[in-house]
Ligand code: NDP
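Just one chain is shown here, as structure tokens, and it is the form predicted on its own.
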């Protein structure tokens, strides 16, 4: 394990991009602010030519906007440096590998195609021992290219030094799923196909593209959210109990689940849906149609709302449908995992008014840090009339942001919260049949007004079972 007192050089490739300024730099700032990694040397690297003062101004502006303490901002600015380089050229990469002190982290905050090209060039060089590579999603373009990328990386470094970043794994509420499931005897025995009717993992947001049209139009909701994030949440929610909270046990557990997961009844045309938003209003924001957003090519028919239904072929979950859904520009944002239980096997004669089965609802962060348990109780009026009731508990957002939590793992040389290579391939394998069905127009592309609940007639229930 790398200790906090070991000098480290953290190089951000693509340092002038939105990801760096909005998430990576604040994440590093919050780690240093918390007293961790105080010997870190931060290097910004991009194709643009910047003076040292211009880079420090960029860094300070990002940290200031994130509310980082002025003393921390000054400390990082006093030790940071900037390198102009084209990372698709081996000569420029060789210079970066030479100009560092301590152990080295290369963080690829770059478009996927550029990252692959850069790694191909990097494979021609002698990478210093102990170097870690951090790679942003999406990892590859499908199951085949992800597997090929894994082979390329395996020729350079051990798997434990390759961090495929999914910041959802740094969400405190996602990590809380492990404690919630395995530390509560009242919950874990119920989580199986004898008691659970269906499960939903939903990430519906009121945000639109927010300047990410160039990337998003080549990804869409299916790749950007379901493939990259929600399938990882599925793994945490359904894996068997690990023997220890360690990288191998956690990643073995989620990988087993993903290997057992496939589209329900192997019918992607029936058990997937897609749509995109048209012009509308959310609060005081007037949003254009997705077709008219900057950076969008309307002919690509990119979806902003995607849903798939999958099954998990294990003794615990066989026969339970899982709905994974994500949409943008919606008027009813929801970020939660919902476990829907089967109705009671018998309701005594004389009790009436039962409106719904019991549910666990686990908030997935970003302001949704709550656990809600929906139950049925005797009503306050007629004692034999049943009413719904909800028990609620705060899960807490955690002391670090999700990106800071993931960065902490990378700097500690701990891959627990990084996606393993085989799991990345499985996530593509699960959705590849859906993409083929969509490309063949077997699933219509619907539309919904921005600010609405989604496409008209979109099913809110009725999962197979």
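These numbers come from a predicted model, not from an experiment. Residue numbers count along the first chain shown, from 1.
Keep in mind that the form predicted together with the named molecule is missing from the display, and what follows is about it.
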| task | Would you point out which of 404-412, 421-429, 62-70, 39-47 contains residues with a non-hydrogen atom within 4.5 Å of the named molecule in the model of the complex? | result | 39-47
| field | The unique member of 75, 212, 256, 291 whose heavy atoms fall within 4.5 Å of the named molecule in the model of the complex | value | 212
| Taking the named molecule in the model of the complex as the reference, which of 220, 170, 138, 280 has a non-hydrogen atom within 4.5 Å? | 138
| Is there a non-hydrogen atom of residue 450 within 4.5 angstroms of a non-hydrogen atom of the named molecule in the model of the complex? | no
| request: Examine residue 86 and determine whether its closest non-hydrogen atom to the named molecule in the model of the complex is within 4.5 angstroms. | output: yes
| If you check in the model of the complex, is residue 442 within 4.5 Å of the named molecule, heavy atoms only? | no
| query | Quick one: does residue 114 come within 4.5 Å of the named molecule in the model of the complex, counting heavy atoms only? | reply | yes
| Interface residues of 323-348 toward the named molecule, as seen in the model of the complex [heavy atoms, 4.5 Å] | none
